[in-house]
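Same protein, same chain, two forms; see structure 1 and structure 2 below, as structure tokens.
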Structure 1
């Protein structure tokens, strides 16, 4: 027979899965669970609840109890970097509007000069002594942190430009780079799924057991030189990643159907 704490976790997990305990719903109290499963040990009940917390299914609220985690995923489109938008509207707000999301967007922006990490240095093809500038953005919906968007560029390229201003640039930092002679024409996307670092937990206020997707974008100019590296970190409980692809007729004719798209 399974241990009591495991039975508690299994039963509650099943109720969450079938909707008996809906998103935002309050779980039975610890006292109710002790009575139902015939145990007097608070630690047994808490051990079962901790399993679900670590799985990201429930969240504790001090003095109120445990609640089923509510999921309101934001559509995250990695290919949106080159989308057209009104010049007076920042890209974060523009994407929310285009998805029909009515939550209130905001973002904190910090700019600093740092030594390049291995990830950034290798992608920007910099020397170990080269400094980079970083624009760190924490983006929020209705006040809740939803993703991190940190962009890195060689300090020698952006020093003294609007790219270095810790405020939103209405026409976009990509346009600033174009005015500096480095128009972005191509992007390389890398996506990693992992557990967050302590710093990401702090910035995103993540609960236990919440994985993140890290989207590393390296953008290039027409001469194929790398210009900017942007590292997006999106919590797994707050996003759905959507890629939109268009079939190339010429390529389609030359390849088996199963090589285009997921089937």
Structure 2
């Protein structure tokens, strides 16, 4: 026999899945559920509801009730059209534009000097005593944060340059790095999926049960030395990452058994 709180969660989850509790809809109150399941200790009912909260399915609103989380406001936009040219990785195309909506983009930029975290240090191949500069950006659409974008570079490289100005750099910070003799020619991308830290919850105004993707881009100069590490953090409930691939005929010859797509 399953515990009561799990039965509560299972029943409600199913009602959400089959649409009898639609997005935005109101769930029974704790008191309703207490009665319905004959349990009547609030904690048992709350335990069941908290499961759904942590799955990101419902949100409690103080003094109002529990509500089914609204569908993600995402319209994914496939990349243009079939291309002969090789697959462009069009990752983190931000797809928040609901048809016809005009949303005002804005960003905060903040630059500071810090000790490198392990993540950054290992990718930039720094000694533990080296300092790094960090360019922190919080990007918003209509005030809603949708992306944290923190770039790290060795302080010795960017000190005194425009890279450290906490303002928009019209020609791009990568151009600034090129002028410093470090043109970026290669990038290594890593994507992690995890729950957010409390700081990320605050900066991105995340609801409960919302995981994030952490996209770490390490960029290299022509001599293969790492120049910059950029850490993007995007909320799982506000993004879909989309890109398109075209089959490379060479690829087919080189790896005849490749199960492209299914693999």
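Numbering follows the first chain given and starts at 1. Take the two forms, find the largest set of C-alpha atoms that superpose within 1.5 Å, and that set is the rigid core. Computed from a predicted model, the values in this text were never measured in an experiment.
The second of the two standalone chains is derived from the form predicted in complex with the DNA. In this overlay on the rigid core, residue 194 has a C-alpha that sits less than 2 Å away from its partner position between the two structures.
Superposition on the rigid core between the two structures places the CA atom of residue 30 2 Å or more away from its counterpart. Taking the core as reference, the C-alpha deviation of residue 19 between the two structures is 5.6 Å. Summarising the core-aligned comparison between the two structures, the C-alpha atom of residue 41 is found to shift 8.5 Å.
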